[in-house]
Ligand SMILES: Nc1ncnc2c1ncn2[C@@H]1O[C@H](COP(=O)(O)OP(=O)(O)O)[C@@H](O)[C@H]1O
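Quick setup: one chain, the form predicted on its own, written in structure tokens, and binding and motion questions come after.
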Amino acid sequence: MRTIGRGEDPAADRPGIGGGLLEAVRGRLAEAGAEPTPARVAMALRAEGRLLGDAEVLGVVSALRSEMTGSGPLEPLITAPDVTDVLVTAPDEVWVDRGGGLERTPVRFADEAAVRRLAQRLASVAGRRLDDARPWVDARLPDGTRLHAVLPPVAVAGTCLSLRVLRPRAFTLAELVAAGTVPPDGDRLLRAVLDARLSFLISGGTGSGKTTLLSSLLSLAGPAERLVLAEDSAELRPDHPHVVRLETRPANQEGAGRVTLRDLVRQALRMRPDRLVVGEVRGAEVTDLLAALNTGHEGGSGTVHANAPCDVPARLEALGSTAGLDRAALHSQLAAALSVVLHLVRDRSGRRRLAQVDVLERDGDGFVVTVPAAAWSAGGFQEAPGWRRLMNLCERGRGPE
């Protein structure tokens, strides 16, 4: 007897049970508004002129329940402890990332319509609309999973579905060291940055592990500190006793009720934060964050998309311009507000690692530049030109013993 692979439809591959029969049973149950119980499925099968054994009926029940609740055939992938991303590019192309790059899985959908139905149902669960009028959605499911879906004809080859799995707890720094994300003994340097209450940004590309690292670092904050998190999608999960989480909200169908990240940053400042955290700096909220870090809010942090640490000032400059902040003013704020940039990369094998730690300083023209202080190596961080400045910042932040 063949063993069913993870995520495969337990009924679709049985003799005589295919996508057409499942669709017919599904249609009959939908017309009756009935749940797919074994008795109702057996009645629907009889109405289709099919008499199947108990095992086949239970297989159909399992397939229909999988589609109508949870994430359908993707459920076993999403619940796997090592999976971070699940990507569907076609009914027979389902990929996962377990931290070592993308891998193709044996999971299959019956057809394009099945992928579309799952995407629309998940969007509905998230309280969003996904149809021909609004052919894409970016939302968070109740369990924290990040959903993105695009329908044809915008997605030329068929419905594309992306799920970013949110783990229920933050990784510890020791676990990140063991995984090779942080070099050996690199946790000591990161703890020093946190203990000194230096303000920092974590930079890197999509999927490089910025949120994972930020959650781990925030878990190290003192238990008496109050963390206020402002996020576009609530993904940070610091292991900390005092966390206030704020999340943006899109406008409703009438175009009202939108809450932006900039709104959240402004509200967070009134909530007595010991550490103000912006999950991802991506717009005009950068001006409010920098202003806050210049008015006594030490130890603030966030993430930003950038190809390299040296690109971070230019990236913030571009974001600041959306709020009308000119270059000179942005750099003046930046020089006083931010101390450290932690940059993450994914190497060619798909492994995430903390490639570089930079400090910020002004150049001869008065503009802020990043200076490498420590670089990743298999044996531990290697000192770079900005090392002494970083050590001075840590010592000054800790103050007298």
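A quick note: this is a predicted structure, and the numbers were derived from the prediction, not measured. When you see a residue number, it is the position in the sequence shown, counting from 1.
Quick note: we don't show the form predicted in complex with the ligand, though the next part is all about it.
Although the partner is absent from this view, residue 207 contacts the ligand in the model of the complex, with a non-hydrogen atom inside 4.5 angstroms. In the model of the complex, at least one heavy atom of residue 181 sits within 4.5 Å of the ligand.
Proximity of residue 121 to the ligand in the model of the complex falls outside the 4.5 Å heavy atom cutoff. Put simply, residue 84 is close to the ligand in the model of the complex: some heavy atom of it is within 4.5 Å. The partner is not drawn, yet in the model of the complex one stretch among 257-265, 165-173, 132-140, 226-234 has residues with heavy atoms inside 4.5 Å of the ligand: 165-173. Between the ligand and the residues 71, 212, 287, 219, the one pair within 4.5 Å by heavy atoms in the model of the complex involves 212.
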